[in-house]
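Next up: a single chain in structure tokens, the form predicted alone.
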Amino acid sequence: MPAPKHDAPVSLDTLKAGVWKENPVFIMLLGLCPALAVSNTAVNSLAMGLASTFVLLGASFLISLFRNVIPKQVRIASYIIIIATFVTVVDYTIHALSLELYNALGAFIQLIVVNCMILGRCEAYASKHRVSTTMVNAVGMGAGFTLALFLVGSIREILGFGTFFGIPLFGPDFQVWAVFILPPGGFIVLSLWLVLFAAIQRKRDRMAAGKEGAYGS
């Protein structure tokens, strides 16, 4: 996972990187377990995305703040303890606010601790950058992760339940595609989004190469 230079200034590109160029799900293929397991509705997808974003922000802040204090020999164990602390906060908060949502997300709330997107950003970015840059990057990565889950969950809910955020979209004669609320549906929808993002990225690369060629000539 490439990391920007340590003295990289805070900019809009720092924020946008996680949404598009380094999207954790569609580009870097990280955090695929929750993207497939709990993204059967838009609500579940948003909840998991926001919960993961909260954990990423909190953990990144502390790790960046104490990056020069945490011994390198125990840095991974220290990161996991910090991440687990914020996961516990999220776990109890969701449990208190909505038992139905808590049951829907299941064990994947606790599994945020081992989400490679979060641990990877803590190791590759937060531990090497100052707090301001780290927080902007974490916001972008969290937004990209939430967006990816939401895009997958929305399609699955619309086709699998015929609803969007629980609101019926079609008439009573609509025949739902039950496969989309099952695990195979998650793989199908995710693969289609991956193909779309890859095609858009290739087109952008060709356009950039064309502009460089025009300037060079």
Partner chain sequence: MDHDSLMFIFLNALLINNLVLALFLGLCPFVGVSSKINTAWPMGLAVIVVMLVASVCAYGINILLVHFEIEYLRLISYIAVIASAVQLVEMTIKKFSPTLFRLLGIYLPLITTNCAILGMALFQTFDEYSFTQSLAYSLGAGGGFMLALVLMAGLRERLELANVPDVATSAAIAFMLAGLLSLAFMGFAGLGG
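Positions refer to the first chain, counted from 1. This one's a predicted model, so the numbers in the text were calculated from it and none came from an experiment.
Omitted from view is the form predicted in complex with its partner chain, to which the following refers.
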Within 4.5 Å of its partner chain in the model of the complex, all of Leu65, Val136 and Leu147 (non-hydrogen atom): no
Stretch in contact, per heavy atom within 4.5 angstroms of its partner chain in the model of the complex, of 147-155, 175-183, 57-65, 41-49: 175-183
Contact residue in the model of the complex, chosen from Val131, Ala104, Cys116, Ala143 - any heavy atom within 4.5 Å of its partner chain: Cys116
Non-hydrogen atom contact Val87 with its partner chain in the model of the complex at 4.5 angstroms: yes
Proximity of Leu190 to its partner chain in the model of the complex, heavy atoms at 4.5 Å: yes
Close approach of Ala208 to its partner chain in the model of the complex, 4.5 Å, heavy atom: no
In the model of the complex, Ala124 touching its partner chain (heavy atom, 4.5 Å): no
Residues in 31-62 with any heavy atom within 4.5 Å of its partner chain in the model of the complex: Leu32, Cys33, Leu36, Ala37
